[in-house]
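Only one chain comes next, encoded as structure tokens, the form predicted alone.
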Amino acid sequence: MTPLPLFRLLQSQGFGSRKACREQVLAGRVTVDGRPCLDPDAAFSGPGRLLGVDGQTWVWRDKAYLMLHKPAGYECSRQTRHHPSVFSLLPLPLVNRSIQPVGRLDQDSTGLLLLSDDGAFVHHYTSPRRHVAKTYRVTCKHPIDDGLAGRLLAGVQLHDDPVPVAALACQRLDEHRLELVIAEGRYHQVKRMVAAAGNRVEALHRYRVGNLDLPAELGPGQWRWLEKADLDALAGGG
């Protein structure tokens, strides 16, 4: 990568406008690889560079890929209606990078949510043609009868689709819980499928996309970067 002025490196990472980034450097708020730098025009290459702003260190990344453990009560939108946005759970530089969710979870659903500012990445993992598997744990209101999984696997009719929609996999976990795998990401799809099969979703948790699992140590509301191993696992499942 061609070296860039420090203020432009900061701008690319979401730290503000060109003017704001220059002012941060001149004010002594920025370090490069742990060393203070007061020259906003000093040139540095980006990959692997450690940028410190107000004591917080960021690794320069050309594109942002991250996962969030979405809690209930948050909307996957910047323009929310009734609940806070998932973007309020992320640091401001990430929000400024115009990241967007890779698919969505309803406000009352929880679990693995991917986000990125890479449009090709977002399109790849949201396109129905890619058949990327999403795995959910579904808590049903009524006891699960012996035929519910079979109906979901065979395909159920949704009101807005002339073709029955089928689960890729489905198994009963206990009296009220299912594990359900789908490849699409239509509006309220899991809830509508379960309703069409004769039950009702009380809670919905997505814990896997492709072959990428939500880490047990990542608590609700927490986020982390997707590293190479995560992206490989994701690609291996779609």
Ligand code: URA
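Residue numbers here begin at 1 and follow the sequence given. The model shown is predicted, which means the values in this text are computed figures rather than measured ones.
Another form exists, predicted together with this ligand; not displayed. Remarks below refer to it.
Between this ligand and the residues Asp106, Asp118, Asp161, Asp145, the one pair within 4.5 Å by heavy atoms in the model of the complex involves Asp106. With the partner omitted from this view, the residue of Leu178, Leu51, Val190, Leu66 that lies near this ligand in the model of the complex is Val190 [heavy atom within 4.5 Å]. Although the partner is absent from this view, Ala197 stays clear of this ligand in the model of the complex, with no non-hydrogen atom inside 4.5 angstroms. Mapping the unseen interface onto this chain, Tyr136 counts among the residues with a heavy atom inside 4.5 Å of this ligand in the model of the complex. With a 4.5 Å cutoff on heavy atoms, Leu212 does not count as touching this ligand in the model of the complex; it lies far away. At a distance threshold of 4.5 angstroms between non-hydrogen atoms, Val32 is out of contact with this ligand in the model of the complex.
This chain is displayed without this ligand, yet in the model of the complex the stretch 182 to 190 from 23 to 31, 182 to 190, 166 to 174, 58 to 66 comes within 4.5 Å of it by heavy atoms. With contact defined as any non-hydrogen atom lying within 4.5 angstroms of this ligand in the model of the complex, Leu204 is the only contacting residue in 202 to 229.
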